[in-house]
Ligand code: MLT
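Quick heads-up: it's one chain on its own, the form predicted alone, in structure tokens.
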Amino acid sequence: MKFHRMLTAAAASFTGALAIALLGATPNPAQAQAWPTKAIVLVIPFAAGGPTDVMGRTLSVALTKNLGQSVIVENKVGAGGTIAAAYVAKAAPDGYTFFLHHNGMASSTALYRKLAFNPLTDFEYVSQVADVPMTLLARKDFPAATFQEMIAYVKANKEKINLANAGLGAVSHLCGMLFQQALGVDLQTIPFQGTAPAMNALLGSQVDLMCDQTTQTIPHIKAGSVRFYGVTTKQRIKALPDAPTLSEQGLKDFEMVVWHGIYAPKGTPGDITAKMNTALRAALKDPEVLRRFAELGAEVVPEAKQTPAGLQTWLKSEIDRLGPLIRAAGKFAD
């Protein structure tokens, strides 16, 4: 009997220790249910005042209202967004760090030989957010008034025409590569440190052509300070309803938009990412968010894409689409 009591006590002690260990190894359900209890950080991989930053700050206001805790934007700039992505991948998966990024999440896998993160395995997916169309522009005094004239002129003068972009890996860079591929030409590309200096160079007639998003270009298009040849979406856009797409003008199936998604560090509890998804979906219906997005030319993605699965599927498809394009162009960074 004494030996039996010793076995029973030992078993009870082991069971208690195992329960404590398991509780320490898994998220506390009560903590997840109470989330959030403090400020949440939304990491933006680009400089304050840029298009992605403006979108993030617009969302942060609505998310603060929906979650009952402050959502604070933190800009971590550099290396085409990879510095910020690596930072978030290594952040504590406690529900207080999220990440807003665009196409660069997909293009980084082909653009950089070494990455400190894996876009497909080091994050939890929350939702796609919004798409921003691209526009094809030229300096105001470029010697081609129409799209067809521009195509003919570029093909005939490809050795002396340059194409600006906002830096290696920027969506303007990707759009420019797709444009060259569609025309079968190899133009001189000139990278700048961001969209603003690239646009300033175009406005000053220091460069010839540029792909850039509507957040940056609509004021200049409406002011007539650039030549405007069309939008890069499959269908015409609300912000420029009379502007034809490049596809309908002859570049069949040409499409490049700046798409945005929100991520969390791998291991963030599923009920927390679900709550963030719910708050985000409500934000994407907020009249003030919709008004501000409309000013930017941004369009909220369909509800089917406003899911973790929707973002995951889209990211994988973009990696598969952009990878061959970038590798064929031979554009890499260390």
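All figures in this text were calculated on a predicted structure; none of them were measured in a lab. Sequential numbering from 1, following the sequence displayed.
Quick note: we don't show the form predicted together with this ligand, though the next part is all about it.
Residues placing heavy atoms within 4.5 Å of this ligand in the model of the complex fall in a single listed stretch, namely 44-52, out of 268-276, 44-52, 302-310, 66-74. Taking non-hydrogen atoms only, residue 128 never approaches this ligand to within 4.5 angstroms in the model of the complex. Using a 4.5 Å cutoff between non-hydrogen atoms, residue 93 does not count as a contact of this ligand in the model of the complex. Taking the partner from the other structure, this ligand in the model of the complex has no heavy atom within 4.5 Å of any heavy atom of residue 110. Although the partner is absent here, residue 194 is a contact residue: one of its heavy atoms lies within 4.5 angstroms of this ligand in the model of the complex.
Proximity to this ligand in the model of the complex, defined as a heavy atom within 4.5 Å, holds among 231, 137, 170, 85 only for 170. Interface residue among 202, 106, 246, 166, judged by heavy atoms within 4.5 Å of this ligand in the model of the complex: 166. Residues are counted as partner-facing when one of their heavy atoms sits within 4.5 Å of this ligand in the model of the complex; in 85-105 only 102 qualifies.
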